[in-house]
Structures are given as structure tokens and as C-alpha cells.
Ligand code: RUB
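Consider the single chain below, provided in C-alpha cells and representing the form predicted on its own.
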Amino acid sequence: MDKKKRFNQIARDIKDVKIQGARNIAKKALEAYSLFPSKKSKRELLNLRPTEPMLENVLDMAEEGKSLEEIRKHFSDAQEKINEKVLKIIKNNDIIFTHCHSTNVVNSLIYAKNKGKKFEVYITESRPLFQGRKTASQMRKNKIKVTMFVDSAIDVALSGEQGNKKPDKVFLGADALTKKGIVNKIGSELIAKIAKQNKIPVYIIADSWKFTNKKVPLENRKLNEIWDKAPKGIKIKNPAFEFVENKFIKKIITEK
């Protein structure tokens, strides 16, 4: 595949959410940028997913001359440090509730399992693209007990109703870290509010490169993700992200 076709393929996959997660998006965008390192390429890549400060931070570093190897090394080094910190807060027999798919969260849970911690994971479907299925599959592959809930059963799952055990902790990833809170997959604010009502601590697990001082635009996705070929006259809203204030968060865990 020639360089232009490869660049366009990566761009399409990022836009269509075939490449998921802030870290994976940033890594693939970095690969695309390295094929055509220009302001035009950078601008095109940034426009694909506006709610991703890590994408912007990584491309800024590449534009400023930081080597690709150095940038890529950060991801694995940061994950290792995050894993050690998460390990300390997981207790045996914990039930951990999570949402959507976060590479930082998933990797830290797998690390804890491999270190001998025994725990269970509750996960949402994360409609409309069902990213929760990816998380659930990775948990199962690594022999971690996992239960999936439909998104509309978030309150049931967090309240310990209808025969479910109440979770001990909530682990959420983040697409953006800010001074006043975090931005993550739609549903995260509802989860954080219900968790607070039920006295369940919410931990954000994310790479520090997701931090930004800028205002984070909240992306709205394609309508056909919700209802393809819907009858005319039906208005559809498909917000992909939302803001979670610091007051709902116990701690933000980064490599720092």
C-alpha cells in the first residue's frame, strides 16, 4: 500500500471509530502524520476526532521534532506506572464497574489479575457502537469474571438491585483531562452521579498526555449509528461524550 492510501485508510478508520480509544487514535494518527509531516496533514488528522487532546498533544510533539520512538515509548512506560498504582487500590473480591472501552483501564485490570488479584468486572454495552463488548471480551480472554449490563440498567447495576451485588469501585477512562473535570464516553456523568449517591468511589484512569487547558469540544456522531434509514421527521441526537465534574471523582490516576 502506498503512503497516500495508507494515510487515507488510517484517517477513515479513526473517523469511523474502527480505531477506538484515545491512545490508539493518537498512535495511529502519529503513524499517518509520519507519512506526510505537514501542517495540512496535522489539521486533517485533528479534525477527525475533535474530543481528543492526546491526539493534539502527540501531533504537537511530532511537529516540534520529538522522535516517534520517544513518543511511542511514553505509552508503554506510562501504562506500567498506571498499572502499579491501580494494583494498590484493587482489593480481593472487589466488583469494579467500568464503561465503554479504555486501554488504560483494561490493561491495568489485566495486570492486576496477572498479579494474583481476584475481582469481578461489571461493564455496560456502551451503545450505539457497543465498545463495552470489546472490554468484556478482553476480560473473558484473561479469565476475569465479567457481567455486562444494558446501558439503561446502569442504576440497577450500581445500586445492587435485582439480585446484583453492589460494586465497590468505578473505574472510568478519559478522553480529556481538564482542571475542572474530565471528558469521557456519554453515560459517564450519569454513572458518576449514581455512584456518588451509592457512596461508590469513582477513579479516572488515564495517561497524563490527555490533559488540556483548552475548551474541549464534545463530538456528536453520525445519526445512522442510532437508527439507519430512520423515517423522515424524526430528530435524532447522538452525543458521543460528556463532561464529569471533579466533585464526582475521588481520584485521577495517571503515570504522574
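Bear in mind the structure is a predicted one, so any value in this text is a computation, not a measurement. Each residue number is its position in the shown sequence, starting from 1.
What comes next is about the form predicted in complex with the named molecule, which does not appear here.
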Does the named molecule, in the predicted bound form, lie within 4.5 angstroms of each residue among 21, 101 and 104, using heavy atoms as the measure? yes
Given 148-156, 88-96, 108-116, 172-180, the stretch touching the named molecule in the predicted bound form at heavy atoms within 4.5 Å is 172-180
- Taking the shortest heavy atom distance, is residue 28 within 4.5 Å of the named molecule in the predicted bound form? no
_When the contact criterion is heavy atoms within 4.5 Å, does residue 124 count as touching the named molecule in the predicted bound form?_
no
So, in the predicted bound form, is residue 17 in contact with the named molecule at a 4.5 angstroms heavy atom limit?
yes
Review point. Is there a heavy atom of residue 138 no more than 4.5 Å from a heavy atom of the named molecule in the predicted bound form?
Key: no
Those residues of 198-217 with a non-hydrogen atom no more than 4.5 Å from the named molecule in the predicted bound form are 210
